[in-house]
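Next up is one chain by itself, shown in structure tokens, the form predicted alone.
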């Protein structure tokens, strides 16, 4: 019998190689998932996703209605209705578009609809370039959020997202987030699976809802009185999603030969590390280079790449953190009034009850599309190593533009 490694290698040979932008990868993944209903409203840097899907439809490569709407609020309303009927749905948005559909995000969550949305992140307040404020602002809506580092992971994660969201243990909507322009509009060489293998990995959606029947019209009560009960059940589903995310990641690896850590986090050179950088999205690529460089200098440093922000992998972090003396969080968002970022807050909360916990530093950078440079990341790494060495932190939160 062939080993798992041999099976994965043979699977990889069946894949084709292409050069795609992140947005093209997102559109291709939606097509290969055989989505049945699409709706979106154009907003940069998301627009080219739906343009590509429209091209697939026009060329006969995808059979699905693309519902034109007057805005993102209506877009999510259309997706809500389609998902209720059992259709596999897809949408995409960014920035102000996410903010405009805010109300409907709660509605989709309340009905536990497995909607998948691609989000190339962008700034809300200033202009169209990347930071993560748009999706961080939606962290209370009940949507899962997975972070993709690069173009390959965008395609793979959207395919995985359908299997995660549609699992009966979960049945919750999910955002696949990646850096606007940095990932969405730049291209990379990547492996594209065959449609046959995607079909074997991702069967047709099973509809667990029987509420919608054209022969038996009814009024759905969106505003419910049992809020405490259903929100508790929904939180239990999000906790269960951690197990499902890990299972789907393993299955994807077995079929396509690509894995992303344990699905929730990826660790790089952490086995003997005294200090680690914790980051997500495209900045993880720079951090990999810096970790390799410092390892070459004899420094005991590693990288934790956060892939699942919601649900946040508290249990995994509690297993990892006691092994380190210092953790430096590098993130592209800031919570006004708290003076720090959202990932930093979640990590500190996970570490609070540990008997042995590392010093945790926060570095905020890349807001509004500002560059996170290799020198920035070197400074983050050096600060983490210094905190590991001294056991003290001179500055808890650092803004990288002030270095």
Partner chain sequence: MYEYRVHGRGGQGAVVGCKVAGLAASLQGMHALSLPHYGFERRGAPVTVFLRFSDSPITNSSRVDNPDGIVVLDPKLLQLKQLIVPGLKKGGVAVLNTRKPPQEIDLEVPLSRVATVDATEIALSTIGRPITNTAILGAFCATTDILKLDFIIEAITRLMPGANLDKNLEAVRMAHQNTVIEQRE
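Keep in mind that what you see is a predicted model, and the values were worked out from it rather than measured. Residue numbers count along the first chain shown, from 1.
What follows is about the form predicted together with its partner chain, which we do not show.
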Quick check on this chain: which one of 85, 186, 269, 314 has a heavy atom within 4.5 Å of its partner chain in the predicted bound form? 186
Just to confirm, with a 4.5 Å cut-off on non-hydrogen atoms, which of 171, 129, 244, 105 contacts its partner chain in the predicted bound form? 129
Heavy atoms, 4.5 Å, its partner chain in the predicted bound form: which of 75-83, 157-165, 284-292, 305-313 makes the cut? Say which one. 284-292
Classify residue 275 as contacting or not contacting its partner chain in the predicted bound form by the rule of any non-hydrogen atom within 4.5 angstroms, answering yes or no. no
Should residue 373 be classed as touching its partner chain in the predicted bound form when contacts are defined as heavy atoms within 4.5 Å? yes
4.5 Å heavy atom contact, residue 182 and its partner chain in the predicted bound form: yes
Can you check whether residue 341 is within 4.5 Å of its partner chain in the predicted bound form, heavy atom basis? no
